[in-house]
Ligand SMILES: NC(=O)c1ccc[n+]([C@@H]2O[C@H](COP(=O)([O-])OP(=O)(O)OC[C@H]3O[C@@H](n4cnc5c(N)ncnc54)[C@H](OP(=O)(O)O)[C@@H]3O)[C@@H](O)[C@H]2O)c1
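Listed next as structure tokens is one chain, alone, in the form predicted on its own.
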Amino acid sequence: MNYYFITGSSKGLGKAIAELLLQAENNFVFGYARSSSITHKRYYHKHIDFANIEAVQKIKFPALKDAKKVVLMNNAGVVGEIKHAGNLTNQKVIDCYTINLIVPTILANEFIKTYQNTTIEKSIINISSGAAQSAIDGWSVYCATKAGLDMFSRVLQEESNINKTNIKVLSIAPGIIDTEMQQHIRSADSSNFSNINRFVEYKKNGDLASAIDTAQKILRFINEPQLSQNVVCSVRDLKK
């Protein structure tokens, strides 16, 4: 059996990935989110608010006697408050760093601790963003957290190589997807986000990818490890 642990599994990209995986009889999915929207005999849901760091620290990964492959997918994320520095709310800054960077770090640490000495196939997939490589006004916290996630992923892979734990690590930018996050971005105040018209045009022109199409590309990276020799990669790297 292949076991997948997916954060943010109740909607958007996380839900689409989980539903695709559940189409195969040899996959079992553990979902982590504030709400549950999937009912399936091979799906287990953990209700959790990732802004609650105490609850996150209690998450443990199970011993899996019949596992052939285990995958941790840190998908949950928030764009946070879209405002220039000086106008940010401190608690919202803390929440964004917690959900986007601290939680994936804690979960990856626990995942490695649990499975590093096993001989099964192991992967950590972090869902990053093109914003990790770009300075976008109003997105200082989001850009910083995703850049941090990229570097954390690089270090994880370096440590796996040194320790010979055979863990494949990827930090994948999924592109622009038609999700609630994009709705939130389009509702920002232009005085705090000079690029808002570009994101409005993405929606208007039909340039946003569907969650299911993006999920299929993410799964290609998992199932075809030769697709990327680099830890930090993008779905845009895939040829049609």
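Treat the numbers as computed from the prediction; the structure is a model and nothing was measured. Quick note: we count residues from 1 along the sequence shown, nothing fancier.
The form predicted in complex with this ligand exists for this protein as well; it is not shown, and the discussion that follows is about that form.
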Since only the chain is shown here, I'm wondering whether residue 153 would be in contact with this ligand in the predicted complex (any heavy atom pair within 4.5 Å). no
Q. Is residue 62 one of the residues lying within 4.5 Å of this ligand in the predicted complex, judged by heavy atom distances?
A. no
### Query
Are any of the heavy atoms in residue 179 no more than 4.5 Å from a heavy atom of this ligand in the predicted complex?
yes
- Query: Does this ligand come within 4.5 Å of any heavy atom of residue 207 in the predicted complex?
  - Reply: no
As a check of understanding, the residue in 170, 141, 76, 72 with any heavy atom within 4.5 Å of this ligand in the predicted complex should be identified as 76
In the predicted complex, does each residue in the set 27, 111 and 166 place a non-hydrogen atom within 4.5 angstroms of this ligand?
no
Of 83-91, 111-119, 125-133, 158-166, the segment with heavy atoms within 4.5 Å of this ligand in the predicted complex is residues 125-133
